[in-house]
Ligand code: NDP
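First, one chain by itself: the form predicted on its own, in structure tokens.
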């Protein structure tokens, strides 16, 4: 990744510092080009942070047409490659001097039977979903030294708590993220660094929308998904972003080592056969 220049764009009228819950904070978000990651980027920027997007994919005009108080930029990053992570850390250190918040969001998911999963398939999922957060913490934690209430927020999944069929590598990797979260909280706590995870449920992202769009009766599929959730709807990426913002905020200063489930109550609802349901 060396030799590539980061792109920077600031929305008209925005500034590198401003008002908001994250004003003046330097926030790194991996996988921030789209989906949940992009929502996290947008929320922190709206709250006045300077957000560095680490992603292989160019997020496009990161500040265009948005009313934000903060600043966003993209630095190319491959979370599976330690050299790329080192160069990313050096770029952030040179440009901003340190990091207040690290959000490990980059992740991949494939749907395969255990018989069809190859060693290469398995290793790639583990490299992105689990090695990535490890490498990012290893090389960005030194940039948190001396910062005010630094925090790491990892994006896990309800599939780190339960599992869907054909998701063995994904579920295993996300359970690993939850374990890594607890271990980092214990190890880094004495240095003043908190570490928590968010476990999203079904979130309305482009990826999940693709699954729904394949259904012959899309409206029925959406209704059935909503019915799984006690709150009566599927999640929005902004729901996850709001939780990440809170976990990174000093208001959550006594919260560490936790996996916060953001799933509209889905994991709390016990299943029951339709024939016995009172609904």
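Positions refer to the first chain, counted from 1. What you are looking at is a predicted structure, and each value in this text was computed from that prediction instead of being measured.
What comes next is about the form predicted together with the ligand, which does not appear here.
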Legend entry - Contact of residue 208 with the ligand in the model of the complex (heavy atom, 4.5 Å): yes
Inset, instruction - Considering only heavy atoms, tell me if residue 88 and the ligand come within 4.5 Å of each other in the model of the complex. - result: no
Inset, instruction - Answer yes if any heavy atom of residue 56 is within 4.5 Å of a heavy atom of the ligand in the model of the complex; otherwise answer no. - result: yes
Inset, instruction - Tell me, yes or no, whether residue 225 is in contact with the ligand in the model of the complex, where a contact means a heavy atom of each within 4.5 Å. - result: no
Inset, instruction - Would you point out which of 88-96, 199-207, 113-121, 183-191 contains residues with a non-hydrogen atom within 4.5 Å of the ligand in the model of the complex? - result: 199-207
Inset, instruction - Heavy atoms within 4.5 Å of the ligand in the model of the complex is the criterion; list the residues of 118-144 that meet it. - result: 128
